[in-house]
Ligand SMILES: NC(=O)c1ccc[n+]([C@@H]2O[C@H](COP(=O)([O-])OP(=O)(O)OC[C@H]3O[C@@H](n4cnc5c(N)ncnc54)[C@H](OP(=O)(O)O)[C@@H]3O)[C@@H](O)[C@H]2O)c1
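The chain below stands alone, shown as structure tokens; this is the form predicted alone.
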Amino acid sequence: MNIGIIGSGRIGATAAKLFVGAGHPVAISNSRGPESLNGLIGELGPGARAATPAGAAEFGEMVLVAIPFGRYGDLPKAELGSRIVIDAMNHYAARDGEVDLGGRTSSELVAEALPGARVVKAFNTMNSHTLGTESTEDPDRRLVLFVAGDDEEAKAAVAELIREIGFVAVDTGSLAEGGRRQEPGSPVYNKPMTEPEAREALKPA
């Protein structure tokens, strides 16, 4: 499966390495232009190419978005309209400024801004070091990457991708309820967990 990545920071670059390692062609982009990605592409090898954000969106059947949440309005809407969009963004007021979410999760705003896209919240609760070092083929030792979304088929596709890169997916629910359970400060945020530990942490208090 072709995977596009918008954002070449720690999460985007680490995920790119995992996706290429699992045999998926990747097109990765950032706001500075494809020429700024020559070093990263050299590290990733022939399975990766540099692109513009619109080009990465056009390339990918699935597109990981890992940019500061405050810039979600800059995403290429037309090109993402028919894609599974993995939203790895979190809202941090200190970085992104105060955003009126209107009682919604950040992922609900992303979905609203991308008509037709099948948004799945994932890759936002684990830091890049853990993501880059803790992948394993041992099913009993795999750490959890959480998924949330309103499209069951899209969530299943992202869950399979997570399995292929050496982690296990746990579904937290819809973009509204499930997205809230993944937000910074939640019991599962930035806390490496196995599946049994994750399901225990998600139980109602």
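Numbering starts at 1 and runs along the sequence shown. Computed from a predicted model, the values in this text were never measured in an experiment.
What comes next is about the form predicted together with this ligand, which does not appear here.
Candidate site P68, D74 and M126: all three near this ligand in the predicted complex by heavy atom within 4.5 Å: Looking in the predicted complex, the three residues P68, D74 and M126 all sit within 4.5 Å of this ligand (heavy atoms).
Among 146 to 154, 133 to 141, 28 to 36, 160 to 168, the region lying within 4.5 Å of this ligand in the predicted complex by heavy atom distance: It is the stretch 28 to 36.
4.5 angstroms heavy atom contact with this ligand in the predicted complex for P192: Close contact is absent here: in the predicted complex, P192 is far from this ligand, nothing within 4.5 Å, heavy atoms only.
Contact test in the predicted complex: L114 vs this ligand, heavy atoms, 4.5 Å: Although this ligand is absent here, L114 would stay clear of it in the predicted complex, with no heavy atoms inside 4.5 Å.
4.5 Å heavy atom contact, P196 and this ligand in the predicted complex: No, P196 is distant from the partner.
This ligand contact in the predicted complex: I11, any heavy atom under 4.5 Å: The answer is yes: I11 has a heavy atom within 4.5 Å of this ligand.
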